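Just one chain follows, in the form predicted alone, and it is written as structure tokens.
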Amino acid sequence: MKVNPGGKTPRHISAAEAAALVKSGDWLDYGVITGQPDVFDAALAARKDELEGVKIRNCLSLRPRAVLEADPEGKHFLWFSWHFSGYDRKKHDAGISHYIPVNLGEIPDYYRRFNPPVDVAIIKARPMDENGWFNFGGANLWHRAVIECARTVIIETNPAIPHCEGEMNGVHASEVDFIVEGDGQPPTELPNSPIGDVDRAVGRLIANEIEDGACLQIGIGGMPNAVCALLLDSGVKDLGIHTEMLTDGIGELYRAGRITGVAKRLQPGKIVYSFALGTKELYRTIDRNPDFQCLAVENTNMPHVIMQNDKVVAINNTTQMDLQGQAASESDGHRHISGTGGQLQFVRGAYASKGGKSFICLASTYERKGQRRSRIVLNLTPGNVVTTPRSDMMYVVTEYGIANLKGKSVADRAKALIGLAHPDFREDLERQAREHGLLPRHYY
């Protein structure tokens, strides 16, 4: 770490001056989620005709990126993402955004060991405080690792970002080369997914498995939201939180007094997360609140860290599962949708935790072109990426029930998963399973 309070003093420059530092062929890092720059992005886009082969790493773009809008064919800027948002997905469909396969908790190590050095890092943070620190807000993740290996560090300031407590959730002025004043836009909000009947049915099954003092990891989507909503109405108490993403559902549980963290072994009493993404109410809740600790992702997502808390409960979604229990959560065939994220790491960390449980949930069906289709299938869609292998799968939940696959044979798994499928598809799934030998002739 280069922190040296008596060291260099960063210089204030304009966005155009900052963009002028970029050369053709450079590796840039735009930071992560709410840490991505806006005024620098616009200034760099204005230089597109002067540049070629500029490579930019990012993660989860919440707003349109000026460099991509200005260069729709990708002739000047190459975009590399650790995890897709809906916007990144559209740019991937257009052939100008590229996914980097990764377990999210390993990314800091990638910067330190494998990635080519970052020529210019541009990260959005709060203005410098009286002690010389620029707070990252609710997006710690791997910003520290980026800064450690960057040749030039630029901070785009924005006072609208909440000030978030957390170990090394910021950068000291002695590590910063230049400061660009941002536009003051509030952090992008992520509206809560509506909770439907299927979500409630799945959420109820999972909520019934959660004990007092459990330590939760909550993923994104209607089903995890439903779990939080149902826990509000349950008698469960003294919950802990050790998660990758901080959601509005967790914020609601905190404000209702259901989260105390007294049973946690790591950071007892603290809500631990690596990034926050939700509504204004969530951002108000975490602002200067010492009950919340925003940590680097290697301190939230690595299985050997997760397992140190007892009774870890990991709740995540998938979009398709085969009859052996492989979960495909990030692609639709060869079309990439999102990313591995922290799913596999939390599945493994929860399993290794004393009394831990991992839940992978999915609706039994979906509709495409007016046809209802099963999400539980004999074979995954060709090209689909396996996010969680069958050997790691624990609890699987649909609106029709819950099954623990640990210790089950291939035939037992197939039978259990057929029982979780929509009734309209069970007979055909059983026939396919028998035809392909997953269910032996004399197995009933």
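Computed from a predicted structure; not experimentally measured. Residue positions are given as counts along the sequence shown, with the first one as 1.
As for the form predicted in complex with a small molecule, it is not shown, yet the points below apply to it.
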{"property": "Residue contact check: Asn309 to the small molecule in the predicted complex, 4.5 Å heavy atom", "result": "no"}
{"property": "Glu156, heavy atom within 4.5 angstroms of the small molecule in the predicted complex", "result": "no"}
{"property": "Contact of Ile337 with the small molecule in the predicted complex (heavy atom, 4.5 Å)", "result": "yes"}
{"property": "Partner contact for Ser358 in the predicted complex: the small molecule, 4.5 angstroms, heavy atom", "result": "no"}
{"property": "Contacting member of Gln293, Thr319, Ser97, Asn135, with respect to the small molecule in the predicted complex [4.5 Å, heavy atom]", "result": "Thr319"}
{"property": "In the predicted complex, the one of Gly342, Gly349, Gly240, Gly203 near the small molecule [non-hydrogen atom within 4.5 angstroms]", "result": "Gly342"}
{"property": "Answer range among 368 to 376, 264 to 272, 70 to 78, 350 to 358 for contact with the small molecule, defined in the predicted complex as heavy atoms within 4.5 Å", "result": "368 to 376"}
{"property": "Triple contact flag Arg89, Gln217 and Gly222 to the small molecule in the predicted complex, non-hydrogen atom at 4.5 angstroms", "result": "yes"}
